[in-house]
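The chain below stands alone, shown as structure tokens; this is the form predicted alone.
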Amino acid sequence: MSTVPAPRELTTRPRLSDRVFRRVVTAGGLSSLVILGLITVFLAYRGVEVLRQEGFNFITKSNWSITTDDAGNVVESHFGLAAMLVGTILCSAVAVVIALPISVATALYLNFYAPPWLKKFLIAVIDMMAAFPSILFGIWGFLVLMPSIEYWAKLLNRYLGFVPVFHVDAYVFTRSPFVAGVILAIMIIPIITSVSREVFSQAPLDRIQAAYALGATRWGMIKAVVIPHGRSGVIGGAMLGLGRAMGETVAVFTVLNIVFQVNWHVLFGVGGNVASLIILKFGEASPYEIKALMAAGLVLFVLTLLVNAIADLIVKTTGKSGK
């Protein structure tokens, strides 16, 4: 006589391992928000005195000077980030304009043209580039790349000088935002390439096969299926690269002249960015000037967060357009 097994109890309660994993992941995500919040509070607390005194001039003015008496008391101070903010935007824009087409072309080649053995090798090289120290990029750019970039800057000034951003009155092309932008482009290419490659690899296989079945060439399939599907991911990767370029410090400081003068000319050797200003002044700054540097760091921090937020918004709003 066979016995009837006891009915199995059905429950929706997760297992102990699932509960532990969920709590660990939640704690990790919340810790990132807490750290960002603490950084914001610290920068705001240290820089609020300067922000209150300078007001909106801290964003619109370009001079940076402080006068103290023999006792070290501040007699007069003027702090403004306009020139550094313009330099930050200019260098970052040059970097994205150069890096974006190269990164997209590299991602397409890796996914649809490269043989498997070469694909693995190139992916490893790109990942190594992302981990390369920025100071070495700066030294290499100053010693090796700058002479060649100066030649290309002269060509741009000669043939595109009628465009205001490429016009140079003084014949000074070294240590310009163009040189810094090229260095930053090399640094952010791995970021944009990795994001674009991952997005392109997720293109719907049925649509790819349908395009081939209708007689499309490989490039025709890429234009009709892959690029529309990955457009939002490419935009998001470009914005992430832009945020990375805006916060770069040592590489830009190595190849760029830090001058407190608003410069919208890409090829002219005058400029700077907020991060390079901080590293330039921090070592010899007085306590009050350190507060001004903390305020500058707060502005850069908020600007970088804003760029990343815009990237996330663009990805969310255009994510369904290519599906």
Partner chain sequence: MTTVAPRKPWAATPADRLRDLAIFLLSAVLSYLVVAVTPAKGKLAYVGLFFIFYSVASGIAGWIKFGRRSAADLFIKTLIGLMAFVTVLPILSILTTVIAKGYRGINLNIFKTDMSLNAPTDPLNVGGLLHAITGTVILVSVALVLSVPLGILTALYITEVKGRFTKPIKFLVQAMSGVPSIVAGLFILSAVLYPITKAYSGFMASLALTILMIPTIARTSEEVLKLIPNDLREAGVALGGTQWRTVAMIVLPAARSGLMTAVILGIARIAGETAPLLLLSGGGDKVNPNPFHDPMGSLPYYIWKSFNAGSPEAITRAWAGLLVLITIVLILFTAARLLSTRKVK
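Residue numbers count along the first chain shown, from 1. What you see is a predicted model, and the numbers here were worked out from it, not measured in a lab. Note that the rigid core is defined as the largest set of C-alphas that superpose within 1.5 Å between two forms.
The protein also exists as the form predicted together with its partner chain; that form is not presented, and the subsequent description refers to it.
When contacts are defined as a non-hydrogen atom within 4.5 Å, none of 60, 69 and 167 contacts its partner chain in the predicted bound form. Shown without its partner, this chain lists 267, 50, 294, 258 as candidates; in the predicted bound form, only 294 has a non-hydrogen atom within 4.5 angstroms of its partner chain. Using a 4.5 Å cutoff between non-hydrogen atoms, residue 108 counts as a contact of its partner chain in the predicted bound form. Shown alone here, residue 219 lies within 4.5 Å of its partner chain in the predicted bound form, counting heavy atoms only. With a 4.5 Å cutoff on heavy atoms, residue 263 does not count as touching its partner chain in the predicted bound form; it lies far away.
Residue contact check for residue 163: none of its heavy atoms lie within 4.5 Å of its partner chain in the predicted bound form. Taking its partner chain as it sits in the predicted bound form, the stretch 247-286 comes within 4.5 angstroms of it through a non-hydrogen atom at 247, 249, 250, 253, 254, 275, 278, 279, 282.
Comparing the forms between this form and the one not shown, the C-alpha position of residue 311 differs by 2 angstroms or more, with the core used for superposition.
Positional change of residue 287 between this form and the one not shown stays under 2 Å at the C-alpha, relative to the superposed core. With the core superposed, residue 27 shows a C-alpha displacement of at least 2 Å between this form and the one not shown.
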